[in-house]
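So here's one chain in two forms, each on its own in structure tokens, numbered structure 1 and structure 2.
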Structure 1
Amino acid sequence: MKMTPLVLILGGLIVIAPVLLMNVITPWVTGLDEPPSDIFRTRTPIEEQGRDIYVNNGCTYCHTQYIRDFDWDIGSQRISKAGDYIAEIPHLLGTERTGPDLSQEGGEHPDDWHMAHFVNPRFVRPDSVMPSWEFLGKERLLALIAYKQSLGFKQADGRVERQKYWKAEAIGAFEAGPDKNVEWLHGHVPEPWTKLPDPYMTSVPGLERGHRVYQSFCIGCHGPIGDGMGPAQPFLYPPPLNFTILQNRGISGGILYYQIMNGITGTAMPYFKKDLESEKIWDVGNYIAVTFIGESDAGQPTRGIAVSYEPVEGPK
């Protein structure tokens, strides 16, 4: 084959024409017919403004916006569909997950949690490597938060409404004083949990593990001495709980476990059941009970058959 400039250029164009047709034109044209998915809605102007900030500042390099059928982290209750994306310009699918996927982020947290998180992510998530976005200024951060709360469209709207409803309730309880507040908090824990003691024994290694979990998950809001005065506190209302007020107010290992597991929707307290497995939750709960509340029910003799690794007491 003799190669001349003409053969090269013409041949090249002949090759790329069908490629463009298959890889660009066809998906483009057929993509326009995609029906909107069940959750789709259009975005409000402030949400669009927030999306522009997201695009311009490169949030997409660490956060994807699609859920795969084998994902476990936040948003994994719904696998993404093609119809979710019809209004995306540019696309924000992303290629890396240094941070979590955000396609169902809306309503995961209340607005005040987001504000603390944007000012410095380590205020609420101590192990985070996300940059601080305080320099964007309050107005742009509010737009960005509006956009994040819209992620997940109609499903997000439902979650955001739920956050708002329970925030009002939680504020009411907080403003009614410690007695009422603790009563309200405990009152929403289902009964089997309120009576359930911590099934593990209190042990020095267990408290050490609980301490470590506390530092990675709790310290930003509840503070190093458990008084609710962590660096995120100025941003949050109702403020983070001061653990000492739980003393002599009917706390149990089960209540601590339940609240850590499920969080308190409406407040900045997130659920940790995706981050932490059972023993870690018991450990951090007992760390809080022993260190800050001074009241632990760990290892009471109401348990069933002892776990095989626990120290042997008596003939059993």
Structure 2
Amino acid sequence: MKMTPLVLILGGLIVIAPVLLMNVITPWVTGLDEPPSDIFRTRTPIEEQGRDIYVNNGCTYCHTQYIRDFDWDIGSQRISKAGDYIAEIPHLLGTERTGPDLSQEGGEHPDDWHMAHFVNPRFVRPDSVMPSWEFLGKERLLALIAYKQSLGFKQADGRVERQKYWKAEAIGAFEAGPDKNVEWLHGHVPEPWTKLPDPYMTSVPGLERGHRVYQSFCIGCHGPIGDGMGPAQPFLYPPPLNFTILQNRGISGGILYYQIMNGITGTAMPYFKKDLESEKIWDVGNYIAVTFIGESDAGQPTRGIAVSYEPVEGPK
């Protein structure tokens, strides 16, 4: 057969047609009568405005909006369903996760965290590669935040309300003064954690590792000297914790670990249990304790069998 332009065009159509049928037309036709999922709700006008901003600025190039059954990251508490997307035109599933998936982003953070994040992502995530969106202006940023807080629909609504409830509590504790604030913060840590010492010895390599984690995750809010005056501070209320007020308050490694792991809902302090492995949390907690608080309970006598890689002093 002679290769003519007509043959090439027909051959290309024969190859493309099945792909188009299976991946575009069939999903579209079969999804026309898809019932709403258990979490679906219609969006408010400001949320729709924020969605338009999201679409027009190409956010979907870096963020997906779907969770699969083998995902293990933010949003993975719920696998996405077809009924989640019945009002999505165009669909914003995305193919790249340069940034985190956003399908369940609503309520993961309070609004002020999002404002700091959009003005300069490095304020709250120092290693972020996301560009600044400050040029959008406050009004459009508020609409974009409203859209992000809607992601997850009814489940997100519950998380957003929880953020608002605890923000009011956190503001009340902060405005009551340092003593009441610390009492409130530590009063929500389960008792076994309050008595748990850091199980690792303080060492130069451990402190260096903790310093690196602090620079990558904490410095934007808590600042280079731990006083809560990082570049994100002007956007956040209550402001980030000044670690130096924890001096002489019997702070334990367990308290620091628990609050770094689970965050403090209602404040800009997010949870890091999906970002940091266990030892990194212990290391950054000990770095904070040694460097900013001036006291650490690391290096208590080991219980049970020592971890195999720990230094050996004598025949153990």
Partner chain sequence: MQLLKVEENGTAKLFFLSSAFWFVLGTLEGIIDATDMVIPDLFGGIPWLVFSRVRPMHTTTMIFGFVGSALLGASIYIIPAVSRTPLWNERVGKVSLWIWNISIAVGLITLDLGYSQGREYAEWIWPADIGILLAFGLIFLNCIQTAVRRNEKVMYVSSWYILAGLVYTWIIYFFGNAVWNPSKGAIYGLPDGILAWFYGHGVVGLFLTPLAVAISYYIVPRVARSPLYSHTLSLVGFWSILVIYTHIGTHHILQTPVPTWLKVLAISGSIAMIIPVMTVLVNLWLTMRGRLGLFHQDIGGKFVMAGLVWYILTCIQGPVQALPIVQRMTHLNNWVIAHSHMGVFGFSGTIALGGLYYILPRITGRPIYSTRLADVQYWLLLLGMAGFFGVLTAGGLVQGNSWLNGETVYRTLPMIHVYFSLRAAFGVLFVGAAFIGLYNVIRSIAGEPRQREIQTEKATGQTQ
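Reference numbering: structure 1, starting with residue 1. Rigid core: the largest C-alpha set superposing within 1.5 Å between the two forms. Keep in mind that what you see is a predicted model, and the values were worked out from it rather than measured.
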Next item on the list: Of these two copies of the chain, point out the form predicted together with its partner chain.
Entry: 1
Checklist line | Rigid core superposition, G294 Cα moves 2 angstroms or more between structure 1 and structure 2 | finding: no
Notebook entry, point to check: Relative to the superposed core, what is the Cα shift for I9 between structure 1 and structure 2, in Å?
Noted result: 9.8
